[in-house]
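Coming up is one lone chain in C-alpha cells, specifically the form predicted on its own.
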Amino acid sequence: MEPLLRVEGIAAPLLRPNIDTDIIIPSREITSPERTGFADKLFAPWRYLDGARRENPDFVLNRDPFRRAKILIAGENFGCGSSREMAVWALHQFGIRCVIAPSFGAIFRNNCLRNALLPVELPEADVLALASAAEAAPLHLVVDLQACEIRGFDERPLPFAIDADEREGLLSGLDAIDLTLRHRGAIEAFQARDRQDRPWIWRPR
C-alpha cells in the first residue's frame, strides 16, 4: 500500500445520507475480477443519464472544478451496505483520496484504511460548514494526517481523530500484518521463552 501523509486538493460536496456501496459501484458494473477500470463506473447511477454513458450535468462530479476533486464531503453513514471493496477502488481510481463524513459504514471504513484512502469523521456541524463552503466557491483543502487536522477552510484548522495504529498504517503504507511484523523480534523472543517454560504446548500432536 502506498503511504498517505496528506491529501491536498479540491473538495466536492455530496451531502446525501446513507450512500451505500451499490450506489458507489453498482454490482452490474463489476464485470471483471481485475482491480482496474473502476474510475468511470464510480457513482454510475447518478453520473450518467442512461446506458450510453451520457453525463448527468447536474451531478457534482460532472461539473468543474469537482471533476478534479481529491476530497469528498459526504453525509452520514457513507459507504453502508454490502462489503464490496470495489467501492473504495472506484473512489481511489477516480482520484478521491479522502472522504469526510459524520460517520461511515464499518466495513467500508476498514476497506478505506487498507487501500490508502483516508476516512475522516467530523461532527455533523463541521461537515455541513465544509460542504456549504465548497458549494459556494472552489474549496481547496489540505487534510494532514501527520498533524491530524484539516486546513484551508477557516483561519483555524479543524482537528480530527484517528486510531493510532490506523494512522501509522496509512502513514507507513503498511497493513495490519506488516505492522505486527515490526515486532518480529519480540514475538520470536516470547516464543523461545515459552518453549522453555511450557514445552508441552509446542509438542506436535
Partner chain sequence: MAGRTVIDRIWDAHVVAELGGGRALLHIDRIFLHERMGPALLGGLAAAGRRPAQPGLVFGVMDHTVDTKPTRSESTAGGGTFIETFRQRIAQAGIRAFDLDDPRQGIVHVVSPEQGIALPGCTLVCPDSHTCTLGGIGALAWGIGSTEGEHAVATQTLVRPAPRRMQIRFDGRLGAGVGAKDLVLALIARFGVEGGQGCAIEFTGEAVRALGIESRLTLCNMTVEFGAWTGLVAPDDTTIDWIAGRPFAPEGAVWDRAVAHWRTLVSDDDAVWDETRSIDASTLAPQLTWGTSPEQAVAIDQAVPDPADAPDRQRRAAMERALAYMDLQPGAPLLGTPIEAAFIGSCTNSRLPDLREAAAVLRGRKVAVGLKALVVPGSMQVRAAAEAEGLDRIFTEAGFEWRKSGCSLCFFSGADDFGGARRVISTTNRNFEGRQGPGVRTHLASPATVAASAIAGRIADARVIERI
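For the two forms, the rigid core is made up of the largest set of C-alpha atoms that agree within 1.5 Å on superposition. Positions refer to the first chain, counted from 1. None of these values were measured; they are calculated from a predicted model.
Heads up, the form predicted together with the partner chain isn't pictured, but that's what we're talking about next.
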Stretch in contact in the predicted complex with the partner chain, which is absent here, among 136-144, 26-34, 62-70, 150-158 (heavy atoms within 4.5 Å): 26-34
Out of E55, D175, E168, D40, which one falls within 4.5 Å of the partner chain in the predicted complex, going by heavy atoms? D175
State yes or no: in the predicted complex, is some non-hydrogen atom of Y48 no more than 4.5 angstroms from a non-hydrogen atom of the partner chain? no
At the 4.5 Å heavy atom threshold, is G81 in contact with the partner chain in the predicted complex? yes
Contact flag, E85 vs the partner chain in the predicted complex, heavy atom cut 4.5 Å: yes
My question is simply whether F104 lines the interface with the partner chain in the predicted complex - judged by any non-hydrogen atom within 4.5 Å. yes
Just to make sure I understand: among 97-118, which residues lie within 4.5 Å of the partner chain in the predicted complex, judging by heavy atoms? S103, F104, I107, N110, N111, R114, N115
Look at D40 and decide if its Cα position differs by 2 Å or more between this form and the one not shown after superposing on the rigid core. no
D175: after superposing the rigid core, is there a C-alpha shift of 2 Å or more between this form and the one not shown? yes
